[in-house]
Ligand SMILES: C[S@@+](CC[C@H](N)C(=O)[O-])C[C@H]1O[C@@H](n2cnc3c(N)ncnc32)[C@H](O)[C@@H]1O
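Only one chain comes next, encoded as structure tokens, the form predicted on its own.
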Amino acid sequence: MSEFVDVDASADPLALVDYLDRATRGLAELQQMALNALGVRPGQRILDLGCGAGHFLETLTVLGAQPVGVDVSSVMTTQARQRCGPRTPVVRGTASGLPFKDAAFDGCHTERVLQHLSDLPAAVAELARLTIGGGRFASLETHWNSFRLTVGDPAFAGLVAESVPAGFRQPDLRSNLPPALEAAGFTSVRMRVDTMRSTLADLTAVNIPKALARIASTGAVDKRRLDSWWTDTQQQDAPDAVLLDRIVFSADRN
């Protein structure tokens, strides 16, 4: 599983914070789509579930909203408090049991969080509970089942592309999130799909070695051949070596 499932138990939590800092710089356009979908207005209370290091909370504050951040990680909540200051509440909590009363928020937001959850319907139901009637939901997520490589030996590239999604609990949110939202009471579910083109160095140094280890553990391919493929493939790195869909989901609370 991804180290973001349990940041505090990871080998280097601050390296994950640094990753979020770098990744956020490349998400500005998609984050703006999420903001537009939320229809943020001054004074609105917006929940940011899985707030991480507080980047989106900071944006919401600049827009005059009254955001509240929740994250399961003590490292991330500390970082978010330092980034946003004492006027922005940031608490620890889990997606399936949030410490707020019903209809406490005008809107709820997540970013690259739902892909890590084991119980997607429970988390979505909790977000529906917290959103007022007429409120909105927006989420920027990665559709890991779309992962593909354009470099390296195609046979090995295909094996890796099939294995990478196994590192995430929710690799197929494009199929699974819309019905979960509708079952929880959200309506008018919408999706905006963006295909990211990335170098191996920018995106997959963390994911591909784990995928290779999973393939090797099956015994289908010798580990030395896989390691050799990875070494050769990194030398072929290109701006579009990786193709991966990112989706902005949005919905209304009835």
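Counting begins at 1, following the sequence as shown. Given the structure is predicted, the values throughout are model-derived calculations rather than measurements.
One more form of this protein, predicted together with this ligand, exists but is not displayed; see below.
With the partner left out here, this ligand still marks one of 193-201, 61-69, 47-55, 216-224 in the model of the complex; by a 4.5 Å heavy atom cut-off that stretch is 47-55.
In the model of the complex, at least one heavy atom of Ser73 sits within 4.5 Å of this ligand. When this ligand is considered in the model of the complex, Arg148 lies well away from it, no heavy atom lying within 4.5 Å. Heavy atoms of Glu126 never reach within 4.5 Å of this ligand in the model of the complex, leaving it off the interface. Pro165 falls outside the set of residues with a heavy atom inside 4.5 Å of this ligand in the model of the complex. With the partner omitted from this view, the residue of Leu130, Cys84, Ala161, Leu117 that lies near this ligand in the model of the complex is Leu117 [heavy atom within 4.5 Å]. Within 4.5 angstroms of this ligand in the model of the complex, the stretch 95-132 places a non-hydrogen atom from each of Ala95, Glu111, Arg112, Val113, His116, Leu117, taken in sequence order.
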